[in-house]
Ligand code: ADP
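The chain that follows stands alone, in the form predicted alone, written as structure tokens.
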Amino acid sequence: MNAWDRALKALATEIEPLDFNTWIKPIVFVGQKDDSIHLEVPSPTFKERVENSFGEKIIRALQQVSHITNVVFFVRIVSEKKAPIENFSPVSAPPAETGLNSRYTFDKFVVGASNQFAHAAAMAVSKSPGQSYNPLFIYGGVGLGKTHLLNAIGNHIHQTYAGLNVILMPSVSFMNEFINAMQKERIPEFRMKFRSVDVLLIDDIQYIAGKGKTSQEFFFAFNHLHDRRKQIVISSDSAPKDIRDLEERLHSRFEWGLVADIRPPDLETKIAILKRKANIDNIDLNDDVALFVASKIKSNIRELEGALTRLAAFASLKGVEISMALTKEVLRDFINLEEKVITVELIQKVVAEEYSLRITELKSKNNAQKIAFPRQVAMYISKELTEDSLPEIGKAFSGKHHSTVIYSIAKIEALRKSDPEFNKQINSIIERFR
């Protein structure tokens, strides 16, 4: 056993499992000479992250098990022309139907702070399928661009690597095909289809959670493809650990590669999305109207683009320009033009959606961490955005004592100060009320 293998055991106890699987396990031992060890990483970005975030821990772990005092990282050199030949064994006749939508490409995806990491990961996968992040797991709310990124990955691979078998489908379609195969006694054909692909992109994986036989079949397909370094990309509305009724063995496998989230876009990104769509569709959209629409539609990108489509259609039918007056008239039923009255009940609804809970769970006496923490967030935001007193807020949460509300507020305030990512999340939630 070399020094790196021994150091891995120490690092596994010191680094969080998700970070360990994402940033430490992909590192490959190359060799060692005197007091230096040579390690290989997948990309320059990967190298920078490992050095900055885990460099000191790696040195300490190596010093515990060897005389190593110096670590040299090498970036893996991959020839894109040879990658499909070396890492894939494409089927001889790729299917005509890939399930890809050609309209969703990387050049049509607007990148902002809320989706930058997921976009970068998707780009990396599309350039070197099966080599860097496998699986890639992308999660976020409805209409934030997960399906767009899955299609963009598939379209790029399909166009760049001729002969690779790419399939994109919603998990519900996977389940329906499996049920149909069982009914018609064609399970071998079903398995052949999904175990002979080179790139498998599954959208909304949460819908197979709790579906015993379907989950099992996907588990076997996942293992088969992953063992052969075929690329797997999965999307969901929640992080793997937060998908209810998901088998533990699937949960752990989804975290083998890279997990990336997409948050609701900020105002600037929403304006950029509107401008990009207007440019693609040849819609004359002035800055004031773009700002107005972006500030009023807070839920997701799909509704944002839908509002623009509706606005453009009305302007075209009437033969007029898109003005502020027309915008308010056309979208009066589409967006709320009045100031929203913020209540604790409304906050409970939004926070429950954010954390994939039911409102009844948020208001229950259940103190499990996955429910208690979102409840504390809801209490904190209620204090920030409403005029309700602490006892009134506690009463709205099944009669919690006001001291519990005080504790919750203090905890969330402290987390916002110490955790920049969590602070962004809270800001994003609060933005939805403005």
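In this text, residue numbers run from 1 along the sequence as written. These numbers come from a predicted model, not from an experiment.
Omitted from view is the form predicted in complex with adenosine-5'-diphosphate, to which the following refers.
Partner contacts here mean any heavy atom within 4.5 Å of adenosine-5'-diphosphate in the predicted bound form, and among 120-128, 135-143, 244-252, 342-350 they occur only in 135-143.
By the criterion of a heavy atom within 4.5 Å, residue 147 is counted among the residues contacting adenosine-5'-diphosphate in the predicted bound form. Among heavy atoms of residue 305, some come within 4.5 Å of adenosine-5'-diphosphate in the predicted bound form. Contact check for residue 104: a non-hydrogen atom falls within 4.5 Å of adenosine-5'-diphosphate in the predicted bound form. Using a 4.5 angstroms threshold between heavy atoms, residue 301 counts as touching adenosine-5'-diphosphate in the predicted bound form.
Here is the short version: of 355, 207, 256, 109, the single residue with a heavy atom within 4.5 Å of adenosine-5'-diphosphate in the predicted bound form is 109.
In terms of contact with adenosine-5'-diphosphate in the predicted bound form, the residue from 225, 273, 100, 164 that brings a heavy atom within 4.5 Å is 273.
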